[in-house]
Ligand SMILES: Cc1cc2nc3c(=O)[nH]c(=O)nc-3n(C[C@H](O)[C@H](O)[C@H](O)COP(=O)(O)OP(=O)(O)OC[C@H]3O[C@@H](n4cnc5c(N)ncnc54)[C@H](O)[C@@H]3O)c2cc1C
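This document opens with one chain alone, in structure tokens, the form predicted on its own.
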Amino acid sequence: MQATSRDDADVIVVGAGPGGSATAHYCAAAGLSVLLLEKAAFPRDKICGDGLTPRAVAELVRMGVPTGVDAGWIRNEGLRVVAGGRRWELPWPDLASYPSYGLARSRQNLDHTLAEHAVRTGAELRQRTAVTGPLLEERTGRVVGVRARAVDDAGRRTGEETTYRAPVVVAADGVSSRFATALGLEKREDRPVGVAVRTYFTTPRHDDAWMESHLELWDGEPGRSNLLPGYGWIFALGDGTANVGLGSVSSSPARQSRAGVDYKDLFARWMANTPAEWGFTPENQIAPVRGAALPMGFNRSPLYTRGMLLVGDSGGMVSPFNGEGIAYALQAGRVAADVIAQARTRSTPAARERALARYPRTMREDLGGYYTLGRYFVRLIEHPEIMRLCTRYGLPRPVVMKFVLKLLSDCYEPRGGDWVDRVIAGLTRVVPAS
């Protein structure tokens, strides 16, 4: 699958977020020529909670990304859960497969770091390059490249449309994925979807050793006011600031649409009732409140078709359990690069196609059952009365807490481990993985 004289690279990756940069890094490390196209210029912002679970940390370690304090990271010890008028500090699980700590860093810095890492490995990064659509082989309809144009910082066109050719294209262009949509790959209406809003505050809590999750949000005194339809987070960034946000999840886009929630208003009502010593006030707010959709549970398929692979949010690879997407984007980039590198060694088009088709199978085998469990989970917790019962009577029980920690951290041993790991792993194998 070596690029021909007509091609610009062996692989073109659209989008330099975590999934795109991971794909570019692993492809370059395997000896492929890689063109990584990013419509913005680094550093640029993305809407995210900025907290990385141990699962995501393990992926960074595989990539060889420095994760020390001197590289700009802050470590956290675990998850602080606040619900039912109580709080629990739950250390990250001590597992063979994942480290026992998480990390936090703003997406503005994280994405830039990962893109630079891909460049150091050998990928060619072209910024301010907006991909406008796929380049198709006229006879077969196969993707053989992309159409793109240069843009300025505001996304305005600054040059004529041009084409870049490659035998394989990876679409890592986010939740909207115009590239996938142009190929007729629409979002599935039977998958969960989340909505999140977040901002940044200067705060004394900037060096908190715990990622904090509020499973109940009240617009006044807890238990004596209205329970708001969402969950909140506070992630310390260690630089004088914290990422503070809230989100909600629904079992389908239709239910999310019918909810009709003003999330920015919801966020303002939550902030108005936080303790004064936290400093979550307008004068300490250093960024606007911005929102984004969270595509969950493989909400676009197929993940591979006609020479094009979907990675990260473009394929709906966000966990329904906690809204985490970075770990799965990094994992998908690793798997995608492996099948692309394997396909390169095959001697016939049919054999290359079989190698590439392994990508969706591998992703379903690794994550399909887990995402299905997450869909069942969402159907339960989207009912406020069930959520109240779970937080009031379920969380105080140690056995329930063990399950909550491993599901909310996305960290369990797929093979071996303790009995909780074995139960989760067993359930992921018996439920449908589609």
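Don't overthink the numbering: it's just position in the shown sequence, from 1. All values reported here derive from a predicted model rather than from experimental measurement.
The next section is about a form of this same protein that is not shown, the form predicted in complex with this ligand.
For this ligand in the predicted bound form, the listed stretch (193-201, 91-99, 75-83, 355-363) containing residues with heavy atoms inside 4.5 Å is 193-201.
Comment: this ligand is not present in this chain, but in the predicted bound form one of Ala130, Val289, Leu135, Leu125 has a heavy atom within 4.5 Å of it, namely Ala130. This chain lacks the partner; the member of Val404, Val57, Leu367, Cys48 within 4.5 angstroms of this ligand in the predicted bound form by a non-hydrogen atom is Cys48. Residues Gly145, Val170 and Ala336 are none of them found to lie within 4.5 Å of this ligand in the predicted bound form, as judged by heavy atom distances. By the criterion of a heavy atom within 4.5 Å, Gly325 is counted among the residues contacting this ligand in the predicted bound form. Contact between Arg44 and this ligand in the predicted bound form is found at the 4.5 Å heavy atom cutoff. By the criterion of a heavy atom within 4.5 Å, Leu294 is counted among the residues contacting this ligand in the predicted bound form. Contact check for Trp233: a non-hydrogen atom falls within 4.5 Å of this ligand in the predicted bound form. In the predicted bound form, Val14, Gly15, Ala16, Gly17, Pro18, Gly19, Gly20 are the residues of 13-33 with at least one heavy atom within 4.5 Å of this ligand, listed from first to last.
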